[in-house]
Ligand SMILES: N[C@@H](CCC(=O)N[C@@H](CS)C(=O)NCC(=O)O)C(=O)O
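Here you get one chain, nothing else, as structure tokens; it is the form predicted on its own.
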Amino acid sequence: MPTGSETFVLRSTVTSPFGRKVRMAVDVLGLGSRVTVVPADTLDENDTLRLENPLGKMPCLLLPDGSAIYDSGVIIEFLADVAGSEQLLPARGLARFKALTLARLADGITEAAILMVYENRFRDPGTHSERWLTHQRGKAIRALAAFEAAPPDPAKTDIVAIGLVCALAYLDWRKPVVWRQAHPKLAAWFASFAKNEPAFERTRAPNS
């Protein structure tokens, strides 16, 4: 286990929603002085990210021994261990696995949104698959409905809230799904949580 003096490198960008999720966790856990963010380019074949994470995906956390930890959920679990904190995730028991399940549900919104954005970004005009876009949009809409039915506590910052607020902020920015009007409870949660948790604004990317 890392000592209290070891430092880490986070390969990510300020616009990555999963990178933001980790940056929020770093902020909340008080590990800002021990984690340095180094930009990564997933499309650059020469970026060392592809050596650090064979999938070439970010965020990726580099450890002092040269090894790496990924993806965002695993990184946050590791950082919570480093901080010796159960604020973001219970250490054990059913509550831990329920939190992890909801965190994955929130991540699923982000993943579906990214795939919709990439469908439009990387395919030539006229070749977009509406069937694929509808499939991904359905995932996001069903997950949003689940959170609308039972929003998290806006006064509680944990792995679920961090993942959800980053997912919703990404939807607001890239707009692959229009969500606010159909999910008023979730919109109210978003506004309240963003106001209560300073790390949300501190991790906001310029122009996002």
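In case it trips you up, residue 1 is the first one in the sequence shown, and so on. Bear in mind the structure is a predicted one, so any value in this text is a computation, not a measurement.
The form predicted in complex with the ligand exists for this protein as well; it is not shown, and the discussion that follows is about that form.
**Q** Just one of 153-161, 177-185, 52-60, 23-31 has heavy atoms within 4.5 Å of the ligand in the predicted complex; which?
**A** It is the stretch 52-60.
**Q** If the cut-off is 4.5 angstroms on heavy atoms, which of these, 83, 105, 114, 99, is the one near the ligand in the predicted complex?
**A** Selected option: 114.
**Q** With the cut-off set at 4.5 Å between non-hydrogen atoms, does residue 118 touch the ligand in the predicted complex?
**A** Because a heavy atom of residue 118 falls inside 4.5 Å of the ligand in the predicted complex, the answer is yes.
**Q** Although the ligand is absent from this view, report whether residue 190 comes within 4.5 Å of it in the predicted complex, heavy atoms only.
**A** Judged by the heavy-atom cut-off of 4.5 Å, residue 190 is well away from the ligand in the predicted complex.
**Q** Answer with yes or no whether residue 48 is in contact with the ligand in the predicted complex, where contact means some heavy atom within 4.5 Å.
**A** No, residue 48 sits far enough from the ligand in the predicted complex that none of its heavy atoms falls within 4.5 Å.
**Q** Is there a non-hydrogen atom of residue 77 within 4.5 angstroms of a non-hydrogen atom of the ligand in the predicted complex?
**A** No, residue 77 sits far enough from the ligand in the predicted complex that none of its heavy atoms falls within 4.5 Å.
**Q** Taking the ligand as it sits in the predicted complex, which residues of 131-152 have a non-hydrogen atom within 4.5 Å of it? Please list them.
**A** Heavy-atom contacts to the ligand in the predicted complex: nothing from 131-152.
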